[in-house]
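Below, in structure tokens: the form predicted alone, a single chain.
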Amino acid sequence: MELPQARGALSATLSDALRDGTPDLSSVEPDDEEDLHLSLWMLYELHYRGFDGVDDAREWDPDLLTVRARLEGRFESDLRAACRPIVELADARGSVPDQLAAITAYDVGVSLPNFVQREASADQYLEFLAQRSLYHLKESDPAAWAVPRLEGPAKVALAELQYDEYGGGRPERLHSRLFAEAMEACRLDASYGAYVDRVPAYTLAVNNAMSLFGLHRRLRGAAMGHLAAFEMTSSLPCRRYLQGAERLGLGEPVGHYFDEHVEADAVHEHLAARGICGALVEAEPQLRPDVLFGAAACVHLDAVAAQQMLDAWADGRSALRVVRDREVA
């Protein structure tokens, strides 16, 4: 994957540093949220697939890790503040599964699945797929970082869930592969990270939260809470995305991807809430607040992303960034 186009002073300096290792990053601050989240996403991607022309050894470069920690501190602080009302709503609800259910039932006031099901145009549906591709082409990878950080029943339950996400032993059934096939059926670019230049900061933030939680052992509770909320809010929306694809005649691979998740995520919902999070908090009670925070972060960031997309479409605008020489389809 090529390095993305810079969005400000920090991402520009970071790109230069990744290419040749010479620029000093210690005094460069992000210009805005676009610059911050692109820079953080680039630093996280060093732990996934990396970039063309960037030495794999840069993954553990102390200077880059220092910059990453600075950006993470700002992101995590803002995210905890934004999620506090959601967490407080659920904090006195009894068992962990009950608390997670309260968080995922939180009224965010927007419904992207309903719009995609009933009203989205074909172009808007393709924009939705392009934005989702940043995660779904590496589906479940951020949660995989937590496997060696858990033990006992929670570890077993996470491994069971991941086995399904990774195709149940069949490479052609990898959920990331199924999503790529859905994109190809719509004549979208299904190569990894193809639309990073087109997605706004809010989509980068959705992805950065998963990497933040997954890459820090101290945040393993948040990683699992996020996973649980993701699975608990997936089955019904996927049914609506499936119906939207059928309404627009987007082809069998698109419907197949979402149909797979209607059934699978209904099972994963209980596995994640009870088998993973319930067992994790039972073994390590001190992780309960972070489990709830991770779930709230999933709900909050998805709501922000949904609102921004719907606002753009209501105004007659594309929900993707305009980038020279790059088309959606």
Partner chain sequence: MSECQVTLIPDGPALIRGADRIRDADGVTHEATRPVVAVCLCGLTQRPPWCDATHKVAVKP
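Being a predicted model, the structure only gives us computed values, none of them experimental. Residue numbers count along the first chain shown, from 1.
Here the subject shifts to the form predicted in complex with its partner chain, a form of this protein not shown in this document.
Taken together, the three residues R7, L14 and L46 lack any non-hydrogen atom within 4.5 angstroms of its partner chain in the predicted bound form.
Heavy atoms within 4.5 Å of its partner chain in the predicted bound form belong, among the stretches 252-260, 71-79, 196-204, 131-139, to residues of 252-260. The contact residue chosen from A182, I103, A146, M232 relative to its partner chain in the predicted bound form is M232, the criterion being a non-hydrogen atom within 4.5 angstroms.
Note on the partner interface in the predicted bound form: the residue among A264, M42, L287, L64 having a heavy atom within 4.5 angstroms of its partner chain is A264. Shown alone here, R118 lies farther than 4.5 Å from its partner chain in the predicted bound form, counting heavy atoms only. When contacts are judged by a 4.5 Å heavy atom cut-off, V54 does not count as touching its partner chain in the predicted bound form. At least one heavy atom of E269 is located within 4.5 Å of its partner chain in the predicted bound form. With a 4.5 Å cutoff on heavy atoms, R220 does not count as touching its partner chain in the predicted bound form; it lies far away. Taking its partner chain as it sits in the predicted bound form, the stretch 153-185 comes within 4.5 angstroms of it through a non-hydrogen atom at E160, Y163, D164, R170, R173.
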